[in-house]
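Just the one chain here, the form predicted on its own, laid out as structure tokens.
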């Protein structure tokens, strides 16, 4: 690393306290005269990444970890020893995580820590290895694949920044330069993926002379994630909002503030098969809120939509499988599916732009929308568009035609940056080819490694185990011969999975197994534009914490880069008024805020409850079934008490801490009994990188009603 990189008192080099952000220029490799990263194969240089990581992590002794977390040292050491034992040729571990890791201001770094541990143990690229997210629901993976985050494009490409007003400046910024000579650095193909996307968006209007319609793409530096958008809404800067399959009043933090934000809109449109709390935010929910509908200016339009089982389409799971599902029933009544609703809105808006003009009509008027029924695109049409087409005959290096004009692309390897291919999402190329819908395949034959390559289709290229070249040593010998994933036959790679490696690069070619990285290796250091709160993971307390000093002896107790809105600070509580730590979670019988609309689910869990440890319950004189009030600095909820031994009293930094569990399913709509929204209690702050709300740790008080 560069000499000016440092870490002190919980802060990395480059921190600006006033802006609450980092200048990350020092988070970079030292470079040689050719511009390559300086390496030391002997690992003796103190500024080697591995040595800096050792130094950084050495502070986390078992004693310190026990003080920070309340986990007994012996339990922590048992986990460490068990996990470390899998760093063996014939053993592998996987790490599964869910929202318990995500819902923190440093959730991204928690997850990255686990990925780094797996890299160090050799558990990446192995069958049964890696890091696997248990998604909140079935299509969250597809949400990120298709670029639905405000700063992303489909296929994990970045949206242009405001400073990148030309295609040339954008490509200079996003196409990585090789950090080591001889590495694949696969993102150098970005121009092919980007131009293919632009041809899908703008069709014949995207030409070389207008840089494939680059000017029509939005360009911004700030994130328009949920927290940022509702902040703008609260400031009166948003006129209208469309909530598609989303219930923000129940899903976003600080429910009362979300209601205030929605009250400042001119119109709200909900597209949902359910009657949600959001579409009724203006009603008095029968709790402590004194809502006056006459004071709310928002006009609400409810557009009844179908659920996924009432339409054809695909779902992407955490293993990256695109699985096609079929319509089980027609939507009831006048409900339309989402494609029909969006298609109608778009065509009507475009007709208005064509008739009346506008400030900038070109992006709308030039958008390619060549579906058979423009107001009702079919899932099959959209799926083929995501895969992509050849817009001209595609030839190989010898001039042989490999894909004819008008045919569906067989994979992303044939994409071009000359406008001859179109694909909405390059990683989905191969999911619907001339051979048919690969997502609908149902051959569940197991390779013997726990993979079923004939079932559905996985991006990229139907590869089931990412980085599978790492399952072999430098000479190409498998670490575990009983679980050989790929093999070299003297000319090319093959085996039980699609090789994640150049097919004709010999085992000892010097190409690293992590071909998506410009270094060719797995990253233990996240410099550049990767993360905003540090190149190494660091433990920080939640925003609301009962801990006032750190066992690490640092001054930066909370995440210094977590985004904190100025008018949110008065809504934060302190441990004097709110001495207990609460966490939200889900229960088996209900799913988020949806299944409370189902009568059979409501019968199984009809009424809201909170879970209280037996020691805290004894202290407060609370018995099972008592009604209790749980309050934070943002509001309160009332629910039945479930007294349990599950929630242990923890000793953290020499202080006894009690926890309260708040299931997050109930509200004032649905078949279950009317209850309170759990997010009434939670603070309006999120992860420094993803902006995921901090639902897993906040301060509350508990009283018997």
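All values derive from a computational prediction rather than experimental measurement. Positions refer to the first chain, counted from 1.
Keep in mind that the form predicted in complex with a small molecule is not shown, yet the notes after this line are about it.
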query	finding
Among 209 to 217, 527 to 535, 246 to 254, 350 to 358, the region lying within 4.5 Å of the small molecule in the predicted bound form by heavy atom distance	246 to 254
Contact label in the predicted bound form: residue 594 to the small molecule, heavy atom within 4.5 Å	yes
Contact flag, residue 546 vs the small molecule in the predicted bound form, heavy atom cut 4.5 Å	no
Partner contact for residue 314 in the predicted bound form: the small molecule, 4.5 angstroms, heavy atom	no
Interface membership of residue 611, the small molecule in the predicted bound form, 4.5 Å heavy atom rule	no
Listed residue that, although the small molecule is not shown, lies within 4.5 Å of it in the predicted bound form (heavy atoms), from 560, 273, 520, 635	273
In the predicted bound form, the one of 98, 291, 157, 77 near the small molecule [non-hydrogen atom within 4.5 angstroms]	98
